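Encoded as structure tokens, the following chain is the form predicted alone, with no partner shown.
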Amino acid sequence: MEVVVSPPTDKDILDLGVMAAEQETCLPVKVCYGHILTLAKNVDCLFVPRLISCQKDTYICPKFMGLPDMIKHSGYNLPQLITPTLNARERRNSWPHSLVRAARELGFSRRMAEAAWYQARQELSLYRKKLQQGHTPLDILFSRCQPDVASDHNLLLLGHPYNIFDEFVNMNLINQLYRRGYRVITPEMLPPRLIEQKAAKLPKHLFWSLGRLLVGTASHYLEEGSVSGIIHVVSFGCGPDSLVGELLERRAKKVSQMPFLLLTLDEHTGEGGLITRVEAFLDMIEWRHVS
């Protein structure tokens, strides 16, 4: 089958999503709507999985759980939707079982589907090794290298991957940090097992998948003391992040008085205001080192 992916997010895609989605939804869901409607013009099937859980004992955002239903009943003339349920909490709907069923729905044999799943896992393993060597997904995609800087110019960039790696949504934030001579560290650079160990130290179980990712990563680097500051990127109206963000900021202050910047994004966020806040934050970090 020929796989067609949507282009990088731009103003047209965002505007299309803002018009199509419910106004109460967060920015990533609106962007997702825009990408789906952009793809719908050029494909025979749309792959929109029902993402419930990425790992045992956790859940993903409720809006993404309901995304296939929201898209299906959006009132647009869409091609066939392939919507496997991906739920690591259940054996029947585990990722390999669900994706093999989706492949069979498209007319492929179980043997071919399982072979494709195995090959995909191998590719994913190679990709994760590159991430853990200190590369962001954008570095790998564009074959670029991070700045070679001193340890006092390491920044921890936290956020959901679709926020911190979408250059239109975050107004090219990572490149802004590179231009100021900072090395960017993201949760993807740590082994998942280490992140889980750190997140497990919380007094209560945090059952949001991405929340555990952020808390575990922040805990590791706060204990290690190898970053000069933390930038946390969130979407306006994100329920889980309203809790996780407060937890992260309190831990940063309690453990090491770590400089912490919260950047909230929505479709109205202006580039000028975001750049001003980031520049002021970096100036503060550099002033601390000088003094």
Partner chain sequence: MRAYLGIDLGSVSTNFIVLSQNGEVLANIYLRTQGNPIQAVKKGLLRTKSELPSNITISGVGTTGSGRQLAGIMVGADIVKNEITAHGIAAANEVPGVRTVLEIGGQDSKIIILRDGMVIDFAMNTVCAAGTGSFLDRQAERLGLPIEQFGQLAMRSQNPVRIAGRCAVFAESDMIHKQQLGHSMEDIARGLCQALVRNYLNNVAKGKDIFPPVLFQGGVAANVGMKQAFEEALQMEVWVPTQHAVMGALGAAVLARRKTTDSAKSNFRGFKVSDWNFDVKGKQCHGCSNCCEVVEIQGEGQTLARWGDRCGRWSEQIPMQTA
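Here the structure is a predicted model, which means the values were calculated and not measured. Residue numbers count along the first chain shown, from 1.
Here the subject shifts to the form predicted together with its partner chain, a form of this protein not shown in this document.
For the marked spot (Ala88, His97 and Ser109), a heavy atom within 4.5 Å of its partner chain in the predicted complex is absent from each of the three residues. Distance criterion of 4.5 Å from any heavy atom to its partner chain in the predicted complex singles out Asn172 from the list Ser74, Thr83, Asn172, Gln146. For Phe64, no non-hydrogen atom is located within 4.5 Å of its partner chain in the predicted complex, even though that partner is not displayed. Although the partner is absent here, Phe236 sits close enough that one of its heavy atoms falls within 4.5 Å of its partner chain in the predicted complex. Proximity of Asp10 to its partner chain in the predicted complex falls within the 4.5 Å heavy atom cutoff. Heavy atoms of Lys253 reach within 4.5 Å of its partner chain in the predicted complex, making it an interface residue. Judged by heavy atoms within 4.5 Å of its partner chain in the predicted complex, the contact stretch among the candidates 48 to 56, 260 to 268, 219 to 227, 24 to 32 is 260 to 268.
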